[in-house]
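Presented below, as structure tokens, is a lone chain in the form predicted alone.
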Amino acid sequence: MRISEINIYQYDLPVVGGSYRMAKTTVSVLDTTIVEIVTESGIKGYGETCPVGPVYQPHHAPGARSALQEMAPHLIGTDALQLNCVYDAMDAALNGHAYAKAAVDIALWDIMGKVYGARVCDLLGGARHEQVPSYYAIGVAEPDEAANIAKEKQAQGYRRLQIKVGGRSPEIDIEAIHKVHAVLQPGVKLAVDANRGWTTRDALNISLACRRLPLVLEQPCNTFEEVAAIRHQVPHPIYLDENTENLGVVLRAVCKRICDGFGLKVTRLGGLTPMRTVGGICSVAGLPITCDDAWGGDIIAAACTHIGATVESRLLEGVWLAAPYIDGHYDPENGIRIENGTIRVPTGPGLGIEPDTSIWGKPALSFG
């Protein structure tokens, strides 16, 4: 089952509503990169990687395509079912750039599922849920606006809400957190995500000002060391997100108990293969996780849903998708949708997505 062709597409995903604001960036159009891998028998697999602009992580969309351009010629002729060997070929061709390699990894899992007639989640060990919980992320907004969105999203069935903070006065963040918490229905969880936007001083002051509110602080400060420095002074549980760039960081955080859970991104870690390993470590450590990605369409949404379906209920905080901010689907029939706050796991083989490639136009790059 050798790889005979690789096509790389560039596609723009405009943000529904105009823009999405986080502590360190505001985005209005997301540049996604889609990989199509074709085997000599004609089976096609699809992967995707879509950074949220160039400052959320040390990733950017043109960099993903440049990395894929460097690696793709070395993958032609390799066996699509021998994932370890393909990874060896990628690593021999290019050091690092896990977020670009992730798109290849996802496409290969898609191919394997189609070859064996199985869903990706089943190849990953089996689905524990056929409906996985999602959660909604409220962008940085004025306190009253954030509270109104929280009311709306609870009515739509979401049982976990995340509010973005940072990049403004700490007093406004404190007000927004209190106002959102005040409208929460019983049983709805709250995560406060600073996206690296607070200093250690601000993280401590804001957490103390909200000490009576049950919530999780996600990635409050910029670096691993900053989070570690305040870990035992903050009265709230802390989740790491942007700092979890590889398995080594996750192991370090688990061993030193720097955090109480993780917001994991499939492409940041390098694909479904390393994500499965990290998920196993978190299971042993009893640490909750979310199974997300930075942004992207149906392909990355399907990958996140499949890996989320394999996580035991007590540890799965949710699967975040960019779907509410995207108009349309790559696969109009089987595209990934959030209904009543949950996502149905695709039923078809592989990712369960058969995209209409004409939507993307001609490939930006082709090999083989």
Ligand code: 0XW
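Numbering starts at 1 and follows the sequence shown. Worth saying up front: this structure is predicted, and the values here are computed from it rather than measured.
What follows is about the form predicted together with the ligand, which we do not show.
Although the partner is absent from the chain shown here, M22, Q162 and D292 each have a heavy atom within 4.5 Å of the ligand in the predicted complex. Here is the short version: of W109, W198, Y135, Y239, the single residue with a heavy atom within 4.5 Å of the ligand in the predicted complex is Y135. Heavy atoms within 4.5 Å of the ligand in the predicted complex belong, among the stretches 51-59, 333-341, 300-308, 33-41, to residues of 51-59.
D105 falls outside the set of residues with a heavy atom inside 4.5 Å of the ligand in the predicted complex. A residue is said to contact a partner when one of its heavy atoms sits within 4.5 Å of a partner heavy atom; D173 fails this definition for the ligand in the predicted complex, lying far away. Taking the ligand as it sits in the predicted complex, the stretch 178-194 comes within 4.5 angstroms of it through a non-hydrogen atom at just one residue, D193.
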